[in-house]
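To begin, one chain is listed below as structure tokens, in the form predicted on its own.
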Amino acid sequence: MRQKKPKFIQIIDAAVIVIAENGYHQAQVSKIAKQAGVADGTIYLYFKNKEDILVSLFQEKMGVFIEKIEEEIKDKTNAADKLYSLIEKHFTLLSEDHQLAVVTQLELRQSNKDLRLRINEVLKGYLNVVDKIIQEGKESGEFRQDLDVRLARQMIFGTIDETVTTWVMNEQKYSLVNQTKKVHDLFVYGFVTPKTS
């Protein structure tokens, strides 16, 4: 219900800016309220506390992320193309929103165990999309039959995630989207020199 309200989205968007600029620990609820243009008390009508804002922010943004990725891959006919589109869309969405990239890559990595578990729960939807692509590739014969779906998914997500983190840490000095083909080739061809016929 609260997700449908404009103020909820307003607060989420303000939280992205405040957390990106100040870091999660220095991002007081009062700063988020000021950025959102609402009274401090209004925040608590939508969120229990700052941790709830961070998890809700991730939930909201990840939901949009998954929708856009699924939209992008729905017309692709093979698994390798779907994987390429997933990587490209992931990189594009984060390169278009630098503050969100800072929040997802740096500020979501909190040491609080409960927070990590809640974040991991949200991430499941994205990982399911990756699983479907791998499974489809195995079934079509594009990917090896003995491919371990869980391990392949960890490698795909881990590589994409680390590529974005490195880009953020390097102050986004180069094109993240231009990394798409290199990352995709690594998944599809590995380290093996392609055989010439």
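Computed from a predicted structure; not experimentally measured. Residues carry their position along the shown sequence, with the first being 1.
Note that the form predicted in complex with the DNA isn't included here; everything after this is about it.
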Practice prompt. Indicate whether M62 is a 4.5 Å heavy atom neighbour of the DNA in the predicted bound form.
Written response: no
Discussion item. So in the predicted bound form, is the DNA close enough to F157 to count as touching (4.5 Å, heavy atoms)?
Written reply: no
Worksheet entry | Contact test in the predicted bound form: Y46 vs the DNA, heavy atoms, 4.5 Å | yes
Worksheet entry | G141: touches the DNA in the predicted bound form, heavy atom cutoff 4.5 angstroms | no
Worksheet, complete the sentence: With a 4.5 Å heavy atom cut-off to the DNA in the predicted bound form, the contacting stretch among 149 to 157, 27 to 35, 165 to 173, 62 to 70 is 27 to 35
Worksheet item: Among D81, K89 and K132, does every residue place a heavy atom within 4.5 Å of the DNA in the predicted bound form?
Response: no
Worksheet item: Within 166 to 188, which residues come within 4.5 Å of the DNA in the predicted bound form, counting heavy atoms only?
Response: none
